[in-house]
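Before any questions on how it binds or moves, here is one chain, the form predicted on its own, in structure tokens.
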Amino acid sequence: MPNRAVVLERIARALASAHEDPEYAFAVLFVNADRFSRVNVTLGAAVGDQLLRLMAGRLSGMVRPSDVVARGTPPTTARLGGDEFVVVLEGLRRADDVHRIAQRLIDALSKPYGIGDHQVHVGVSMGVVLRAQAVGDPDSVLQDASTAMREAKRIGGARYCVFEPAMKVRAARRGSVEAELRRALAEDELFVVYQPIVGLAGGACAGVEALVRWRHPLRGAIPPIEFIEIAEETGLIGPLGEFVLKEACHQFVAWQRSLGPRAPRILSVNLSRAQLTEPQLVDQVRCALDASGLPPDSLQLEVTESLAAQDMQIQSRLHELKALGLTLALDDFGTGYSSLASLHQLPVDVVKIDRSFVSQVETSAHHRVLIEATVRVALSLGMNTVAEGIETEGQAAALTELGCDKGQGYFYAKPLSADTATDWLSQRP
């Protein structure tokens, strides 16, 4: 396929044509496979190489000469490297045609690929620069298309995004946070806080959930919402998650030794999609348990409902983790893709009822019935239930009445530093 040099030459030609003719329409489409590295890791580099060949052939076959006017030059389909492809459409019949073309390419590239005995499924994300947004030199236009592609990935992948200048600002911000987060990991600016989980019937501490925090030397406390997603996008979620797991395991064992019967019984740690797709995750968990001396049955890993319900590979990874002897919790239940009818198919031991349901348990009969049904189904499957985000005595009483096992939220305690959590645990009955 043509390479980067050809792409830049075609973009330069399109820019020159647009400069000469105000009506001239063109577009640059930057195409990237979603989670392509997972194919290489799980099926091998040979399958990954063949997948790229098939993608290239399918992409070239779906870009039609009829997409441009007769006097225009044929579309250019090129590969920059790895799983990055570019399509340059010069002389579009109509500027709006690019939306139809982009969706057509995404649909075609997302269909299964037969490679040997494997049916490989891979989505694609695409960034589009239209003539109206194409400013600067060809390199700038190509970079803007790449920025739009990363925005498509950021909001879920398997779609296209048309470049907007605001994306550059967000990309620069993400780049800055990434650099600072790398430094923070190296200089111990990250730390772990712990939110208690209590038994609703008697109020005893049943466990704690470990949550990461970042204390920036200049900006102060940075909330997780500002850096967790960036950590996932940049591959930093692996070392960040490993840090939280190791730190929390050691702290939990320290509590068991110093607090005796007042120590929490379960340590809960969150896992993201990016962590669950990393092949070394199971070994990382095993090493954290061995290094800290934490019994596996004292560790609970939390995954969101949509992750556990949709991806068979992730379900396989969850079974590998369960084989270590730990427990799994389904976080944010009620907000994802599964249902009560399919709950028995998921390899989990605990269902955490999302705070959006808990907040309305006193005022909405609909939400109350859904919580009651969740508790009943979980009980029938031998699963425990935890209500998240309890903020009032009334909510705690209602959830207790509905049979929920445990709860957490500001009504009991905010996330606490290790020292503050020690004091809190010491004062519990």
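Just count from 1 along the sequence shown to find any residue number. Keep in mind it's a predicted model, so treat the numbers as computed, not measured.
Omitted from view is the form predicted together with a small molecule, to which the following refers.
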**OP:** Spell out, yes or no, whether the shortest heavy atom distance between residue 401 and the small molecule in the predicted complex is within 4.5 Å.
**Re:** no
Original post:
With the partner left out of view, is residue 391 within 4.5 angstroms of the small molecule in the predicted complex by any non-hydrogen atom?
Top reply: yes
Original post:
in the predicted complex, does residue 213 have a heavy atom within 4.5 Å of the small molecule?
Top reply: yes
Subject >> Touches the small molecule in the predicted complex: residue 199 (any heavy atom, 4.5 Å) >> reply: no
Original post:
So, 195, 244 and 409: all three within 4.5 Å of the small molecule in the predicted complex by heavy atoms, or not?
Top reply: yes
Subject >> Contact residue in the predicted complex, chosen from 133, 292, 327, 270 - any heavy atom within 4.5 Å of the small molecule >> reply: 270
Subject >> Contact assignment for the small molecule in the predicted complex, among 332, 90, 83, 180, heavy atom within 4.5 Å >> reply: 332
**OP:** Sort through 383-391, 44-52, 362-370, 31-39 and report the only stretch with a non-hydrogen atom within 4.5 Å of the small molecule in the predicted complex.
**Re:** 383-391
